[in-house]
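Below you'll find only one chain, the form predicted on its own, shown as C-alpha cells.
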Amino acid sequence: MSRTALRICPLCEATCGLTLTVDDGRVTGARGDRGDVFSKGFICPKGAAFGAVDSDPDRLRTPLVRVDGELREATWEEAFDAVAAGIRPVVERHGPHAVGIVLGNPNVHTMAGGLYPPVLIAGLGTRSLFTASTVDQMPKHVSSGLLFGDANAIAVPDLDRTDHLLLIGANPLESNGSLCTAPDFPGRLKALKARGGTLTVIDPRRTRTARLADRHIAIRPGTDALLLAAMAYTLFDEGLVDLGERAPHIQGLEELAAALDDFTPEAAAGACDVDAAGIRALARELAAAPTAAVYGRIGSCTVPHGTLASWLVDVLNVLTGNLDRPGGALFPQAATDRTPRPAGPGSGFALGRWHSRVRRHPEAKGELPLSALAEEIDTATDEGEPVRALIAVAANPVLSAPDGDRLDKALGSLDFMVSVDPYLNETSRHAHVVLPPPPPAQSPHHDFAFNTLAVRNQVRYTRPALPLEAGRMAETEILARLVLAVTGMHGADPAAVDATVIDRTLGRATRDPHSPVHGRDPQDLASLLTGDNGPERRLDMMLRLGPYGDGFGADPDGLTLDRLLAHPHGIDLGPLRPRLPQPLKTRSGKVELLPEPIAADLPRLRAALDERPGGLVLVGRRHLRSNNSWMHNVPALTGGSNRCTLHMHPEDAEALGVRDGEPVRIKGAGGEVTAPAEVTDGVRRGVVSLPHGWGHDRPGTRMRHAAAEPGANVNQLLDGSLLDPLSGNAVLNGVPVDVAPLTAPVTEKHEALT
C-alpha cells in the first residue's frame, strides 16, 4: 500500500522539505514539499535520490566487532561490551586525552549528531577533539569569535532583501549554500537579479554561480584576504566608511584604518592578479548600494589566510553599514537557541587554551586540527600521551584530511577504535567496533545547527517516516549507549543520558535570573515535557526555553513540541531582524574590529603582497550531486559531470603536452595521484581543480559502487603541514602542484609555465 510521509532532507545544508512516497516499507520516491514553510517545494538531485540513499544495499545492518583480526557481525550487546572493554582501560591507564574523538560533517545533519556528541566529549573529558570544521569552516568560527565574542555568532546574507551580493570563494549553485542555510539558493540569486540587484562573484573558476553573476573576478587562489583588505583600504581612503545605526556598537575603527594602511589596491593588484581599478570599483559599488552583503565560503576559508579573509568579510559588512540591517548581513535566531541574554560585556573568545602535543597547534573552539590527527597518534613526545584509542562518529578522515596514507597507517596502530558509521569505508575499516545507524527515513529530524544559519527564522521537525527495522537501533540510542560505555556507566539505561541532560539544563535555567523559568522547581518543569522519547523531550525543553518558547506556561502562545507537531510543514518565525548588541559576548560588549590575534597575523598577510607564485596551483570543487564521500556509493548521484577529473586551462594543457581525457600525474608535497585531464577554460590559467571526497581504492571497504570508479584522493597531494595559524584549518586551496602526462617521466614538470 502506498502512502506519503514528510521528511526534512539531511543531505546538504539547504534542509529542504521532502514529501516521500512509501511503498511496502521502503521509500520509492521523493519530491519537494510545496507546503514546507522554508523550502516551498524546492528540491535538488540529492533530495530526489533520497530513496536510493536510504536503500543502499551496502549500508551496514548490524554491528561489526573485530575478532582475531577480522570484523564479524555481532549483537548490539556484544558490540557495546567490546566498546567498554576497549576504551575504559585506555582512559584508566593513560588518561582521557589518550582517547581521541573525530566528528565528521554528517553529525550536523542528524538530530542525534546534534544532541549527543557534546555529552560524549564532556563525559569523557578529552581535549583530543578533531572535527571536519578544521578542513572547512573553522576560520569563520574563529573570526566570529574574535569580532563578536561568540564563535557561533555568524552573520548570514539577507538574500531575499539585499540589493548587492558579493560572493567570494562560494559556489552556492553547486553547494546549495554553506554556513548560510537557504533552500533554493539559485532561485534566490535569480530573484536578486530580477529585482534589479547586482551579483558579483570572486572565484578562480568560472563556476555555475560565476556564470550567473553580473561580474566575475577570476582571482589568483589564496589571495582572498589581500583583495578584501584592499577593498577595506579603499573605503577608508575615499571616505566611503559609513557605520550607520550600528556605530555605537562598534569599536576600533581608527586602529583598523591604520592597520590596513599598507594594503592599497595598487599594492595588492599584482598578488591577486586583479587590477587596482577593479578593486576600487568593487569597494565603491559595495558602498554605493542601498543594501549589500559580502559572503565568503570554503574557497576563502581553506587558504593560508583563511581567518583573515573571514574577518575581512565581516569588516566590509561593518564598514558599509550593512552588518545587522535588513538587506545586509544579519544574525539568525533559531528556535532552540538559549534564552537571549541581556546585552552587555561577556567573557569573550579565547584561542590556544591548550595545544596539540607534536607541533603545538593551538586549540580553536575546543578543537585541534584534523591535519594533526595522524601525528598525534604515531608520534611520541614528552608532552603527554599520544592518542591510543579513537571514537569516530560519521567521519572518514582518511579521505577528508591531508595525507590519508599516513593517517591510514596510524589508525592501524591504535589500541582500540570505534566507528559510528553506516558504511565500512576507508576509515571505519580500521575500527575494532562499527556501530551502524539506521537509514535516514527511520530517524527523526530537526536542524539544530543549520537553523542558526538560516536566511529566514523558522522551525520544523519530522518524525521517522518508517519504523525501525528489526535488528536496528536508533541513532539516538546508539550514541546514548556509547556515552555510557566510554564513561564507565556501561549497562545503565540509555534513557539516563537524556534525563541527566534535562535535569542539568532545567537546573541551570531555574537559577538564571534572565530565564523565563527562574525560581521554579526543575522537577515540576521536567514533568511538563512531552514527547515519545528522551530526544523529543529534550527538543521540547529547548523549544520551551528558547526565544520563541512558551517558557513552560509563561507565554501561552509560545512554541512547544506539541505545537510544532501540529504544524508538519513547519512554523514560519519571520524574516531576520537586527539584533545588536544582544548577540555580542566580547569583553567590551561591542564589535571589536581589530582583535589582538588578528592584528598579530597581519604582518604575515603584509608579506604576501610581494608573493608571485609561479607554476600551477590546486583548488578543489563541489558538485550538486555530491556532498560527502559516501555519496559516491549511490549510483543516482555519480556519473555524468560528477566525475573525478583534473580541470586544466587549455593554454596550460598545451604547454605541458596534456590532452583532454588522457590521464595525468598530479604531484604535491604529500604524494601524487593520477586522474583524467579535463581541458576547460572554466578555470583560469595557472590553476588546476580536482574534486574532493574521491579515492575509494583501499582494500577492506564495502562500498561496491564507489570502488568501481574510485577516483583520486585530492587530499593525498597535501602533507598536512600547511595550516592557517589562527584556526588550524588545513590549507586545501592555492597549493602548488606539478602536473605531467602520465606517460611523461616524473622529472618533467611545468617549466614551460614559469
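Fair warning: this is a prediction, and the values are worked out from it, not measured in the lab. Don't overthink the numbering: it's just position in the shown sequence, from 1.
Keep in mind the form predicted in complex with a small molecule is missing from the figure; the text below concerns it.
Engineer: Pick from 557-565, 585-593, 511-519, 294-302: which stretch has non-hydrogen atoms within 4.5 Å of the small molecule in the model of the complex?
Structural biologist: Going by heavy atoms within 4.5 Å, the stretch is 294-302.
Engineer: Do Val358 and the small molecule come within 4.5 Å of each other in the model of the complex, heavy atoms counted?
Structural biologist: The answer is no: Val358 has no heavy atom within 4.5 Å of the small molecule.
Engineer: Check Asn628 for me: does it contact the small molecule in the model of the complex (non-hydrogen atoms, 4.5 angstroms)?
Structural biologist: Yes, Asn628 lies within 4.5 Å of the small molecule in the model of the complex.
Engineer: In the model of the complex, does Leu624 come within 4.5 Å of the small molecule, counting heavy atoms only?
Structural biologist: Looking in the model of the complex, residue contacts with the small molecule include Leu624, since a heavy atom lies within 4.5 Å.
Engineer: Would you please decide whether Arg325 lies within 4.5 angstroms of the small molecule in the model of the complex, comparing each non-hydrogen atom pair?
Structural biologist: No - in the model of the complex, heavy atoms of Arg325 and the small molecule never come within 4.5 Å of each other.
Engineer: Under a 4.5 angstroms heavy atom criterion, identify the one residue in Val433, Leu373, Val135, Leu576 near the small molecule in the model of the complex.
Structural biologist: Result of the distance check: Val135.
Engineer: Note which of Leu390, Ala394, Leu166, Ala230 lies within 4.5 Å of the small molecule in the model of the complex, where distance is taken over heavy atoms; exactly one does.
Structural biologist: The residue from Leu390, Ala394, Leu166, Ala230 that makes the contact is Ala394.
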